[in-house]
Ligand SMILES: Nc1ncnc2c1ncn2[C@@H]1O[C@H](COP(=O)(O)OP(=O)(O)OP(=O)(O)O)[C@@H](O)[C@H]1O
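First comes one chain, alone, set out as structure tokens in the form predicted alone.
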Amino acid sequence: MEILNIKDLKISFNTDTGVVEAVNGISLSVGEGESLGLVGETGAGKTTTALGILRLIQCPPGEFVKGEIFYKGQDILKMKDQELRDMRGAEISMIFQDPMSALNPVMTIGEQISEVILHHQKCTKEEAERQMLAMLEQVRIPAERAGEYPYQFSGGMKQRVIIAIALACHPKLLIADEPTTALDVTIQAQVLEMINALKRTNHTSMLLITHDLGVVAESCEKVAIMYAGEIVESGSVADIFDATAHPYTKGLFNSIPSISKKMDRLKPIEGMMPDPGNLPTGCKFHPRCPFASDLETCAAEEPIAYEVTPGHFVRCHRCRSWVEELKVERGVGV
């Protein structure tokens, strides 16, 4: 059963210098109890997508140009303000990327966790405090520190506070926006282990936003690769890791150090992410793609999502041409 279903979502921002096309017609879904990893470079549109799901895009300058976002069959884009406030935190929660800016510096961490519980569960202050202390212990913060302020905690502990706030009301869908960014490797492992354990306990679905494919391999069942506001490849973890198809996805894997292969230098993806205010024509990746010169259509026509194997979709002219040729060779219907 699908808990989240996004259909052809497009989000843009109207600025003094023109229209910034941040999200360009993406479609993705997350099943009940399932984890989807949304992967891409900085500027791909991942965080804008997450904020769009919760309707946290400031409009104007932001604008939902088209598309639908269904949560349990209900279109979030048509919800009233009170419905949204009731949904955020109780049904869908978000772990924000920067814990320092997400926390209120003049409220204790205990007050900030209790506030969420009081709003959504309509319980007494004593019951909210009891649940807050239990939540702190769950994220491995001693309960006696509930009266302290965010500045008194390290980066890793602030991230745990954000996790406690996000999971305090046991949401059905958790959006984790790069939850391990700026944390050292040891703390990263602890935070991921904690999120996965709490997710299993509460049977929570998760949309994990990251640029780290290693984190995705440990935490997710499905993967969507995002580039310039588009999903360029999607499928199961096995599809993406073992049958990589899109040149951009291959470039991401080639830039990861390997302990099993001897290499003198990593192979970075040449060039930079395109300006969302001035996107290239045709395939958005073609100016950086090493195979774009093979087909004239790369710069002229925008590719559509093509199903390489059941459930494995790729948005690439070259990949579609290659797969169709392979099917003809094998006598399989295209």
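Residue indices: 1-based, along the sequence shown. What you see is a predicted model; the values in this text were computed from it and never measured.
The following text describes the form predicted in complex with this ligand, which does not appear among the structures shown.
Stretch 47-55 is the contacting one of 264-272, 26-34, 64-72, 47-55, since its residues have non-hydrogen atoms within 4.5 Å of this ligand in the predicted bound form. Among residues of the shown chain, Leu9 is not one whose heavy atoms approach this ligand to within 4.5 Å in the predicted bound form. Although the partner is absent here, Gly214 lies well away from this ligand in the predicted bound form, with no heavy atom inside 4.5 Å. Mapping the unseen interface onto this chain, Ile187 falls outside it, with no heavy atom inside 4.5 Å of this ligand in the predicted bound form. Contact annotation for Phe13: at least one heavy atom lies within 4.5 Å of this ligand in the predicted bound form. Only one of Arg85, Arg130, Lys250, Arg145 lies close to this ligand in the predicted bound form, with a heavy atom inside 4.5 Å, and it is Arg145. Within 4.5 angstroms of this ligand in the predicted bound form, the stretch 149-164 places a non-hydrogen atom from each of Tyr151, Gln152, Phe153, Ser154, Gly155, Gly156, Met157, taken in sequence order.
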